[in-house]
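In the structure tokens that follow, a single protein chain appears in two forms: structure 1, then structure 2.
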Structure 1
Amino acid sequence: MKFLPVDEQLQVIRRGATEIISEDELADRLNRSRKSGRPLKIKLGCDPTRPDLHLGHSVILRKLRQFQDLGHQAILIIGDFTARIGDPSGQNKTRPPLSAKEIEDNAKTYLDQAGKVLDREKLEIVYNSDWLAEMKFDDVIRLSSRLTVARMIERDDFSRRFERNEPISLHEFLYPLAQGQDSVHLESDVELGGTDQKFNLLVGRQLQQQDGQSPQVCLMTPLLVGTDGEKKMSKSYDNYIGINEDPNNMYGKVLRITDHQIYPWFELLTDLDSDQLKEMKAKVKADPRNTKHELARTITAIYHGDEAAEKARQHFEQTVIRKEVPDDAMELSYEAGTTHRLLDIIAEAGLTSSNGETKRLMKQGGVSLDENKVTDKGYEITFEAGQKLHLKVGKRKFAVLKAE
């Protein structure tokens, strides 16, 4: 296979990477790969601990896609075995184990969503239970002897918990060893991970070296800051944008980010080349408002296509800027003279996921009828003949209530 010159490959690989250990080793491997025509093995592990992916997850998936586009072998490890342990990275307490059924269901959903970023036809998918589940207890003991307790406590999350006298279960020490064993089994050339994965990636490098292999290059990408502009993107912080989010929500949520996030999001979440990124940096400074709209349209188009992105832009302008009810708002008909609780109307229309969410939105002023906020969870409507009411739930959901 013919690869791009090493300098050109490195230019792509460096984009959005916070640290490469080490870049000299990576350049050497790329050079040897180019001479031999053998693609490098690029490893990315993912534990299916949750069913939904968000744009924060896409940062590392996009890095793996870049290696695919450069002609290298992308290997996605579904950590169906390590998910039983639970990755302690960044955790303040021990994670509860998942059932086999939960892991299986999450893995399927993960692959469906990851396929929106990766080239599935060129992707090697493996499950680490294929080799980790075959290990016997004496194998685990020998593997455990490779690292000291002092080395484990070097991890930020472990050291913090240790200092606070918070519980650390022994099985959590096995997670980095299991992830490192993945690298040994696959003989990976490069492993990808977020900055919170640095310790685990370095353990893999150490185990390979002890096993007589060339130690893998470790490449870390940043943790994407969420829409609140402060914390890392996470469902727990409610500052996330799901990969499967509908176009209108995706477009609108991108517009919630702070101005200083616009350029980093262009760099980490889009396909703009280096020259386009330079132009974008200047545009962000000169006109952040319109550049943010350009970012929203670009990201929405990546996951839903140009037509859906354009419709999402028009929907935002109509509903938020001009405060109009969208043309495609659902219509709900009720018999004149009947009385219905607004909470039930919203639930039956599926405008929220639960009554709890509806009550929360009402309390926060996020539900309105004809632009009048409704905060009373017991609010009722008695419909009169010919009456038409415009219902808004949250920022982007609408319905027209008609009496017949």
Structure 2
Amino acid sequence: MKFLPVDEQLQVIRRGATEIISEDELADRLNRSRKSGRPLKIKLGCDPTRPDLHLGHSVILRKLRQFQDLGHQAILIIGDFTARIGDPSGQNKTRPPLSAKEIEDNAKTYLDQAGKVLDREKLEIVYNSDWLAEMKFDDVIRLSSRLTVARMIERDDFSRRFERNEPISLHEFLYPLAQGQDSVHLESDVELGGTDQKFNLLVGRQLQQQDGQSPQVCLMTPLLVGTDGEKKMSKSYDNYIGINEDPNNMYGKVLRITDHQIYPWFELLTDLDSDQLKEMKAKVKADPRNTKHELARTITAIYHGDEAAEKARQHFEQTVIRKEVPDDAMELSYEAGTTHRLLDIIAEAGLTSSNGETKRLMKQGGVSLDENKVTDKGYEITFEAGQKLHLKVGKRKFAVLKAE
């Protein structure tokens, strides 16, 4: 394996990274790896508790991919054992432990989705139950003696919970130790994580050092701000864009972000090089509208391909800008001469979750037939042969009613 010159590698690695502890050590390792021809071991742990990946997760996965492309060995740890604890980082609640079956299913889903970002062929996948489950109580005691309570509770997620009288279970203290033990076991050279992982990553460093290994380099990426423009992207805030999301939704959701997010998203979610990024920065200012569309298209194309991205753009223009019924709207057929209540048609098509909701929408002007709002709850349609009606329910649900 031939490696790029160290400074070129560093340039790629640095992109979008918040902090590297430390860069000198990293350069040093890259140098040695280049000389010996041995790739670095890059560790990323994943938590198989919530299997649906979103663009927020993709930031760190993309970073791992970059290391792969530079010729290094990416190791993805499925935290099947640590998932039984639940990472307390940034949490204000104890997480409920999962069953073995749930973890297994989640891990599979996770890999399917992560495979869209990573090079699966070159990826090493390990399960941390392989070594953590083997540890004796004795080993656990020795491990937990390495960190003091004071150090633990100075973390703000713990101290905050402590101050607010929220419960902290004792086993949560073991999480960073377990994660650190992973690094010791794998003898990792670099560990990746979000900025919220700093404490955990540093524990890995400390444990390696105490075990006579050279401590891993810690690389942190920023937490991606979600579609609400405020909080980090997360499923529980419902401000996320899933990796598996269909192209139309993906495109539309990207377009929803605030203007000042456009640039960071380019930086963290796309492959533009530093020159292109610089150009983008200027573009965002000059023409936010089109630049945002470009962002939406780029991101959608990464996960669904160019063609789907282009279709998504058209879909958006059609439905949101021109407020027309999209070409791919569901079609419902009715026998000519029959009469149906619109309420029932909507219910049968599953466009709303209850008749109450449909009535509410009607009252608010959210239901229309061929561009005409229907506000009468008892509205009935008698179909004539060959008739075609465009039904719109809410902002994004469409159907074409046909009479045969």
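For clarity, every value in this text was computed on a predicted model and none was experimentally measured. FYI, numbering is relative to structure 1, first residue = 1. So that the term is clear: the rigid core is the largest set of C-alpha atoms that superpose within 1.5 Å between two forms.
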Q. Out of structure 1 and structure 2, where do we see the form predicted alone?
A. 1
Q.
Does L70 shift between the two structures by 2 angstroms or more at the C-alpha, the core having been superposed?
A. no
Q.
For a quick test of reading the superposition: does G394 move by 2 Å or more at the CA between the two structures, rigid core aligned?
A. yes
Q.
Does R164 move appreciably between the two structures, meaning a CA displacement of 2 Å or more on the superposed rigid core?
A. yes
Q. What is the magnitude, in angstrom, of the C-alpha shift at D376 between the two structures when the rigid core serves as the superposition reference?
A. 10.0
Q. Once the rigid core is matched, what's the CA displacement of Y334 between the two structures in angstrom?
A. 3.4
